[in-house]
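One chain comes next, on its own, written out as structure tokens in the form predicted alone.
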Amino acid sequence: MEITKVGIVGLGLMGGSLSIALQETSEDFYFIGLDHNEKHCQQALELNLVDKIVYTLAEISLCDIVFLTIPVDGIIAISKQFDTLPKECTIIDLGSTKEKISTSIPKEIRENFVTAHPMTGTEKFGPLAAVSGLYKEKVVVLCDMQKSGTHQQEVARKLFSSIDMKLVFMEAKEHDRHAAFISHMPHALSYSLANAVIKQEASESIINLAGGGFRDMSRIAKSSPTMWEDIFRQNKENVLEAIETFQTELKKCQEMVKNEEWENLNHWMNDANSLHDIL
């Protein structure tokens, strides 16, 4: 079999776990990594996440497939730094926002790009966070596919299917609004919850009293602030709408408790329970 050269820009949780997933499907991949963090490069080599490290986009662009697994602002910056690309080179970004990325890619190389968002991850980051199974049976949203070349569309479909992902197709604008409610706003809430507790409670009380519910809700507050700053910036309007919608519901809860409207509160919580029928 012919060896497929896979470039990974950003050797952290997403890029490292993707390498593991692809290695589990075939031995016909050769992985080339690029990361500004030299420690991450060394760790990725030691963990066999990549076979080789390079230091320029020119070297990475010679790969058959290139994954951009870096913060969303970095994806836009890098997309503008590619001079030219081989006709069949497929570049797939895994950013959590899609519209600004999709519209920022230079038109000369737009067909080389597939804008994707795997709906998976953990609060951990760096090569040591890479795990097997991160992508298995998770959804990947493929956006604005009509802007990608026929070859690039086929490569993306085949590759994500090979690691057992569920493919969903959506316009980038639509994706960003949905993602604001389902992913981005919950991160804002988790950071808010963590800061509220830290400012009110002593460390000893947090350690002694924090149960599973608090740990579950605050877990994603461990996520990279740099990455999430970029996401909030790129999806600002949708994130604000989602936060305002949440504030409306929280205000309802506050008023019902304040006015001792216990029956109404019970109905309100029952309505929320219906979410689990969907999930």
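Bear in mind that the values here come from a model prediction, so they are computed numbers and not experimental data. The numbering used is simple: start at 1 and walk along the sequence shown.
This next part talks about the form predicted in complex with a further copy of the same chain, which is not shown.
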query: Proximity of Phe67 to a further copy of the same chain in the predicted bound form, heavy atoms at 4.5 Å; finding: no
query: Contact label in the predicted bound form: Leu265 to a further copy of the same chain, heavy atom within 4.5 Å; finding: yes
query: a further copy of the same chain contact in the predicted bound form: Leu193, any heavy atom under 4.5 Å; finding: yes
query: In the predicted bound form, Tyr55 touching a further copy of the same chain (heavy atom, 4.5 Å); finding: no
query: Heavy atom distance at most 4.5 Å to a further copy of the same chain in the predicted bound form, all of Ser205, Glu260 and Ser274; finding: yes
query: Interface stretch in the predicted bound form with a further copy of the same chain - options 39-47, 56-64, 26-34, 244-252, non-hydrogen atom within 4.5 Å; finding: 244-252
query: Pro186, Gly126, Gly74, Gly149 - the one with a heavy atom within 4.5 Å of a further copy of the same chain in the predicted bound form; finding: Pro186
query: Stretch 98-121: residues contacting a further copy of the same chain in the predicted bound form, 4.5 Å heavy atom cut-off; finding: Met119
